[in-house]
Ligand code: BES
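Single chain ahead, by itself, as structure tokens, in the form predicted on its own.
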Amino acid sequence: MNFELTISPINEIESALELIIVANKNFKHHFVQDKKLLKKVGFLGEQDETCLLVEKDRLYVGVDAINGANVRTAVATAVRGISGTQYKSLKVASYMNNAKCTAVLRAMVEGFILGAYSFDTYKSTKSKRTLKEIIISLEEYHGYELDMEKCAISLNNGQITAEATNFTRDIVNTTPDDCYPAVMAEIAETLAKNNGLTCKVLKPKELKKEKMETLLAVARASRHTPRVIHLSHKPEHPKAIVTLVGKGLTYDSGGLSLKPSDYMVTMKSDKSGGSAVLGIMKAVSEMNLPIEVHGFIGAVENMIGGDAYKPDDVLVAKNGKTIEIRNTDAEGRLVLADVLCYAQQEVQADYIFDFATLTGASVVGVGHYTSSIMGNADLPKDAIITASKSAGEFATKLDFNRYLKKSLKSEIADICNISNTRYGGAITAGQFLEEFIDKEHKEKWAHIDIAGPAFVEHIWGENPHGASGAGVRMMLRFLEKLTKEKK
């Protein structure tokens, strides 16, 4: 999909289709040219409501108010609505809520790309997307005079962000037979080669040498050997150093604590955290952000077999802590424990974030569409929540407390891999991970449980059925803001 910015008024631009956004149900605005027809067909201008007037080659979509979140979902809905048509080009005016801020333009671009996404790798008949060209006029809804250079930067960043999100979606949606740990490592190596990143991949011998015994135990019963991936973006004179850690369970059967069959379906999505780290690293390199960013991924498959790790085992993590295993389906935290330790060993960071589809308890607590943010300090948690709002993602804090932490106590080891209560499972999982954060990073770390939004089996907002690419947009907004704050 190609984008073009122009100073030409919207009525002077030639295209096959025009998209008009009806804001606040304002049908009196001069952009709305078909008031009688819209009334005749019952178009009310509600948020994300669309109406295609084929005879006029105009597509209308409603927003409750002009802001990034509303415009992003409205444009995504509109572009999905013309997926079966023959329109090859589209023109649209600019819609801003501030004369100096171009964030809504970026959201619009993201909406076009995210809404046009489809995953048809395994279908005999492929999707046909005829829309190739989007022309955006700087003629603005309120009459604001817009800065072409600022708008071009927003368009470029929006395009990079959305394409990185779709890149992540593709990895998550790929089946476990086609995307296992070695394949994730190959994806990382190809990304590094194409985008000027450095890449280091640890295989079982190196993992053994690094004493990543909990990760290796999870991987033991799979025919696919594990990998730990380290991607780096290292500009000169970075304004900050940020470490990202992703859970990359390419498939999770639950191990000997086998999942029920209904819960095993969609477990290809358990690599969403690691996939998000890959997508973020792609975008960071393409934006060439002046932040040193390190992405670590624990790529593992959790299967059953004669060599599977077992409930009642006691494992020793990289930092020497012993872990009593009471449930082999609480495996992601075991993988992250070792990778977090390794990441801190390799990099002293200003911030460290981990991304994981870690708990069903997070989905129960905050729903399908929201990420749960946890940690010891408010600064990294609040920064991520602020970034999520500008990115159009939903996130909320879940606070640690000392009473829930007691539920992880083991009588035979330093800690148990699950709590002794069925309640507060998202928080106790986060508190388990806290045991593997060293003193230097205690106040710099936040855990992001993306189990809810990472993979949903229906369309919602700008997101398709399946993988959403959760975490990519919010982290990019955080990193971009960091470039302006750090000296």
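For every residue, the number given is its place in the sequence shown, counted from 1. These numbers were taken from a predicted model, which means no experiment stands behind them.
A second form of this protein, the form predicted together with the named molecule, is not displayed here; the remarks below concern that form.
Enquirer: If we take heavy atoms and a 4.5 Å cut-off, which stretch out of 105 to 113, 388 to 396, 358 to 366, 229 to 237 is in contact with the named molecule in the predicted complex?
Expert: That would be 358 to 366.
Enquirer: Only one of 185, 155, 303, 267 gets a heavy atom within 4.5 Å of the named molecule in the predicted complex. Which one?
Expert: Contact check passes for 267.
Enquirer: Go through 373, 136, 330, 151 and name the one with a heavy atom inside 4.5 Å of the named molecule in the predicted complex.
Expert: By the 4.5 Å criterion, the partner-contacting residue is 330.
Enquirer: 172, 281 and 354: each with a heavy atom within 4.5 Å of the named molecule in the predicted complex?
Expert: Judged in the predicted complex, none of 172, 281 and 354 sits within 4.5 Å of the named molecule.
Enquirer: May I ask you to check whether residue 247 falls inside a 4.5 Å heavy atom distance of the named molecule in the predicted complex?
Expert: Heavy-atom contact with the named molecule at 4.5 Å: present for residue 247.
Enquirer: Going by a heavy atom distance of 4.5 Å, is residue 451 a contact of the named molecule in the predicted complex?
Expert: Residue 451 belongs to the contact set for the named molecule.
Enquirer: Would you check, heavy atoms only and a 4.5 Å threshold, whether residue 259 touches the named molecule in the predicted complex?
Expert: Taking the distances in the predicted complex, the answer for residue 259 is yes, it comes within 4.5 Å of the named molecule.
Enquirer: My question is simply whether residue 252 lines the interface with the named molecule in the predicted complex - judged by any non-hydrogen atom within 4.5 Å.
Expert: Result yes; residue 252 sits at the interface with the named molecule in the predicted complex.
Enquirer: Can you tell me which residues in 416 to 436 come within 4.5 angstroms of the named molecule in the predicted complex, by heavy atoms?
Expert: Counting only heavy atoms within 4.5 Å of the named molecule in the predicted complex, the single contacting residue of 416 to 436 is 418.
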